[in-house]
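Starting off, we have a lone chain in the form predicted on its own, written out as structure tokens.
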């Protein structure tokens, strides 16, 4: 039963991350998720220092504030300083991450806080964090409920914002001509990515969150030229990565998160090789 909960948690988070990651890949902003997952460190440290506890709510608030600040700084450096988007991302997340490391080093002797406890979760512990009602009824792992709620929010956002997200992703100038608020949709997407990253990495780890944000949508991107099939394929590859990663980890007795990210990479490699073969076949002239 533990395996079921781990696979279910991984699948729910993979789909949430992947659906948003599809838009990031199309916007050429795939590494924003990586930036947010590292840049939230000072927010988590400051939240602990102000609240005096490692409860989830203060940590999430601190991380969410820094996540939004990260996206604002990236956009500011890109638009105002006229840096390339990859340079803006690199500067922002390394700077904020470094500030977080300094805060930890300064206050390490006074608080029980380190990089591992605030940055890296462990999906193998999901079945241990159970949610009991006041009457003592076991509702299952808390992470599953959080991940399911997160996925519902992401699906609602994509469904009702599909037109704005679609047009601003593929043609910002056309979106402006139609009267759409491009900045609103940009920050709405970045805010959703920030929320998803912050909520997810406590349970499954920052590395796995980044892998789910980028690899499944990038894999789907190789085999389709339409957004809707890309989203469906992204969800499918996210599920396969969670399922295959769990059984790979059991087989080799290794890290579950690492195995899920590895399987996602294997699927990408296989699809990439397949797409190369199809391209070569298409370039060969027909002979009777």
Partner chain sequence: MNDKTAIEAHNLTVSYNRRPVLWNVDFELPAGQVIGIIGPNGSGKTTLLKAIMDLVKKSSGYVKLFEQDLEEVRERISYVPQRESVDWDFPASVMDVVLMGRYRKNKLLKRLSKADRDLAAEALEKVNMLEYSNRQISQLSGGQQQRVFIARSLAQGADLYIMDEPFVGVDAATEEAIMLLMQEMKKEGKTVVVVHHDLQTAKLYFDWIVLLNTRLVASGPKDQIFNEALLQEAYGGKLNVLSKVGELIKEKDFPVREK
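Residue numbers count along the first chain shown, from 1. Nothing here was measured: the structure is a model prediction, and the numbers come from that model.
There is another form of this protein, the form predicted in complex with its partner chain, and it is not shown here; the text below is about that form.
Chemist: So, residue 177 and its partner chain: in the predicted complex, are they within 4.5 Å at any heavy atom pair?
Modeler: Close contact exists here: in the predicted complex, residue 177 approaches its partner chain to within 4.5 Å, heavy atoms only.
Chemist: Answer with yes or no whether residue 171 is in contact with its partner chain in the predicted complex, where contact means some heavy atom within 4.5 Å.
Modeler: Residue 171 belongs to the contact set for its partner chain.
Chemist: Can residue 232 be called a contact residue for its partner chain in the predicted complex at 4.5 Å between heavy atoms?
Modeler: No - in the predicted complex, heavy atoms of residue 232 and its partner chain never come within 4.5 Å of each other.
Chemist: Does its partner chain get within 4.5 angstroms of any non-hydrogen atom of residue 167 in the predicted complex?
Modeler: Within the cut-off, so yes.
Chemist: For this chain shown on its own, do 82, 159 and 221 all sit within 4.5 Å of its partner chain in the predicted complex, going by heavy atoms?
Modeler: Every residue of the candidate spot has a heavy atom within 4.5 Å of its partner chain in the predicted complex.
Chemist: So which of 61, 240, 248, 227 gets a non-hydrogen atom within 4.5 Å of its partner chain in the predicted complex?
Modeler: Contact with its partner chain in the predicted complex is made by 227 alone.
Chemist: Can you check 24-32, 240-248, 44-52, 65-73 and let me know which stretch has heavy atoms within 4.5 Å of its partner chain in the predicted complex?
Modeler: Selected range: 24-32.
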